[in-house]
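A single chain comes next, written as structure tokens; it is the form predicted on its own.
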């Protein structure tokens, strides 16, 4: 029964708990047992909150807790989202052992829905990376092949679901950190419209780009979790004052497999070519053929500015991180070193930041500080923002002729641990397909589209702002037609 509980979907578990066929405590304990069994090899979790998870499950079973489609269902939470009284490290030594005194809005919404938070997941430090190798606490491994990365920066969240240690998880996406891990671990992962999910309590990397979103093994589960997470929050000045798009209804509609009349645009600039593995291109072609079979019309569109998305992103995001990470000053909270025999606060701050930040975080702080410096601001940061505007215009023009746009989620399958560790540009290229949607703030989902040499490939579906439901409809139709890799060839641990 324990194994059965860990392989059921979130929707199935929620229904079984509500019907009294199992209990939230039984479901939670089954996942805690699974964590104990396999996470020593995967390292998806930085902290497992056994006591808190079982207490939350008991509250659901007692009837005192809330009731909803996911009440009593366990979830793994990326360690960038603050959780009251539970360690939140952001994958960094500079926040090692920090216990937040409050809940992020996302955390509060999960608790209000009766979702059981199992623990906090590993991540690239401050969400800066594409492989989860930049964590100060060691890398996470891909359950499909333990010698490979699970993507990043939300690799702990993706690996937790792929390893069946949680049916649901939450990540954050700044330049692709939900969609790329989802693609390489065979999951569904959605980046909502920017402002569609509150950023209050999300430790900031790049404030104009960061967005929390859901992971799951099915499109419906992803939509159900999105519905819980989303909505306006007056504590977040960038939060959109609009209802959550009808994502659950769209997922159910898409599951019927009818896409008649839907116009699909294939973005030429990120559809394939040099740097794209043949297996990824083949899986993408197969997905496009299936979309046509389901009634959609498929045609090519051109978005010329997308070729500049990577350099623009790696000026805008580091600039914002340079500003946001200035708060880690060894005074207010977090790590503090160098008190003994040090003459000044400035020296304590310098020693603390030197000891507390990893190499990739330091690289991006230096890059962003340079781009914002006097005499270089207009040439670098200002120019990157102009490119961002052009990318938004390209999307608007493309959506005039297409209801959704598609591309591979990432140019390659999961690469080997250490393979790109000494080559930052090769690491950054993992987000080549996902960066344009991040810069434009539009919603995008990655849905499994097949396998290449036994490893998962994802298709990215993008839609206009606040049309997240279109992403779910298309993803659900593909899933219904093709099935899901994790139900066909589950990874062996």
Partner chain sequence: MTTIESAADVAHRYDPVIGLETHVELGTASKMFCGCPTTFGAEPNTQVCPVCLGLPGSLPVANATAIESTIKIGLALHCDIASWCRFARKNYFYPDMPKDFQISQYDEPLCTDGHLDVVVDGRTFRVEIERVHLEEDTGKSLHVGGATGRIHGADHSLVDYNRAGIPLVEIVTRPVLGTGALAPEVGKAYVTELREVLRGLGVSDVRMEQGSLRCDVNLSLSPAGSGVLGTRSETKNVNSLRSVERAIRFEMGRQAELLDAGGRVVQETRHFHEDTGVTTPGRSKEEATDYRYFPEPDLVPLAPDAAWVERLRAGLPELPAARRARLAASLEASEFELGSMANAGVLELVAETVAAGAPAAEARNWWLGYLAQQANAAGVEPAELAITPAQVARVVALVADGTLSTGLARQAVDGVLETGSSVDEVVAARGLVRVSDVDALGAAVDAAIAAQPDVAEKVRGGKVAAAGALVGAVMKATRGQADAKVVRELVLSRLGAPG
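Positions refer to the first chain, counted from 1. Keep in mind the model is a prediction, meaning the values are calculated, not measured.
Separately, the form predicted together with its partner chain exists; it is not shown, and the next lines address it.
- Look at 174-182, 131-139, 191-199, 153-161: in the model of the complex, residues with non-hydrogen atoms within 4.5 angstroms of its partner chain sit in 191-199.
- Proximity of residue 299 to its partner chain in the model of the complex falls outside the 4.5 Å heavy atom cutoff.
- Mapping the unseen interface onto this chain, residue 374 counts among the residues with a heavy atom inside 4.5 Å of its partner chain in the model of the complex.
- Interface residue remark: residue 203 is counted as part of the site for its partner chain in the model of the complex, having a heavy atom within 4.5 Å.
- Contact check for residue 82: a heavy atom falls within 4.5 Å of its partner chain in the model of the complex.
- When you look in the model of the complex, the only residue of 243, 261, 274, 101 with a non-hydrogen atom within 4.5 Å of its partner chain is 101.
- The partner is absent here; in the model of the complex, the one residue of 293, 327, 285, 252 having a heavy atom within 4.5 Å of its partner chain is 327.
- Contacts of stretch 210-237 with its partner chain in the model of the complex, defined by any heavy atom lying within 4.5 Å, are made by 234, 235, 236, 237, listed in sequence order.
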